[in-house]
Ligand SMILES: NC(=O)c1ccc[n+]([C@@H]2O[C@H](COP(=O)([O-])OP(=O)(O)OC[C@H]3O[C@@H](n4cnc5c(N)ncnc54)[C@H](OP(=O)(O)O)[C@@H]3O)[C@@H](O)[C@H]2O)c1
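Form predicted on its own, single chain, as structure tokens, below.
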Amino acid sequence: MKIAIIGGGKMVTQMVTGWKNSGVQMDTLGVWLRNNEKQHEFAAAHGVTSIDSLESLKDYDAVMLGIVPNALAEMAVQLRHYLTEDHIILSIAGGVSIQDIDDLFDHHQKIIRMMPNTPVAVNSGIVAMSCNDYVSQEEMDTVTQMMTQLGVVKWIDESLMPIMPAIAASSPTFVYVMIEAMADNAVAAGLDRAAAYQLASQMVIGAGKMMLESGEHPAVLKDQVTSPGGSTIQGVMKLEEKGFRDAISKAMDEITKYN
């Protein structure tokens, strides 16, 4: 699948990095930026094709909209001249619905709305996707295969997209804050910072893998570690006292409010 990427921001960079890490042929990816100099710099840095004219979009199967939402309308005016009904539009523009995108074009497009998170850069991300009825099952399968190179792909009803930042896209930040807090505590106790970050990060990886591969309820896994009168249950009780669960839930609500 050949993808023409419009834009070169942080999320686009993370996705391109993940594809490169996974061995995707980089000449199947093209990039177009408003700033020609930055476009060539991006293409050279990542090994993708520099799209010097939007007429070249005819050579691509899909066009990824990797620009900020308020630039979509202006960009659509240019893209209308070059997109056909055969092109698949892949949008990573936050908060922009499939219908919003469809309204920007003169004829019905095959549209896939997606929400990746930053761990796609290390091929351990999440890509949530929804599509309209013009996208065939075969095309869904092709896009799934491409996005699976970046991590876990989840097709969802578009009505659930507003909660995706809270559960997947923005929430890695919660983990980073937790890792930093744990590392600070360990450093205060005498452990060197590099070791503290390594151990806390690996703990998160291991716990997530344990959850996914065991198939156990998280409460069961928690109970396996909390022995009667032990130190772990004392830590859990302190988290409950400080409102850990409620803090996480309220933080997710706050993220969803802005999506």
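One rule holds for the numbers: they count along the sequence shown, beginning at 1. All values reported here derive from a predicted model rather than from experimental measurement.
In what follows, reference is made to the form predicted in complex with the named molecule, a form of this protein that is not presented.
Which residue, Ser130, Gln109, Thr118, Gln149, has a heavy atom that falls within 4.5 Å of the named molecule in the predicted complex? Checked against the cut-off, the match is Thr118.
Using heavy atoms only and a 4.5 Å cut-off, determine which of Ile233, Ala195, Val68, Ala207 is in contact with the named molecule in the predicted complex. Partner contact (heavy atom, 4.5 Å) among the options: Val68.
If we take heavy atoms and a 4.5 Å cut-off, which stretch out of 68 to 76, 133 to 141, 149 to 157, 179 to 187 is in contact with the named molecule in the predicted complex? This holds for exactly one stretch, 68 to 76.
Test of understanding: in the predicted complex, would Met161 fall inside 4.5 Å of the named molecule by heavy atoms? Answer no; every heavy atom of Met161 is more than 4.5 Å from the named molecule in the predicted complex.
Heavy atoms within 4.5 Å of the named molecule in the predicted complex: does Ala62 have any? No.
Taking 4.5 angstroms as the cut-off for heavy atoms, does Gly94 touch the named molecule in the predicted complex? Although the named molecule is absent here, Gly94 would touch it in the predicted complex, with heavy atoms inside 4.5 Å.
Would Lys38 show up as a contact with the named molecule in the predicted complex if we use heavy atoms at 4.5 Å? Lys38 belongs to the contact set for the named molecule.
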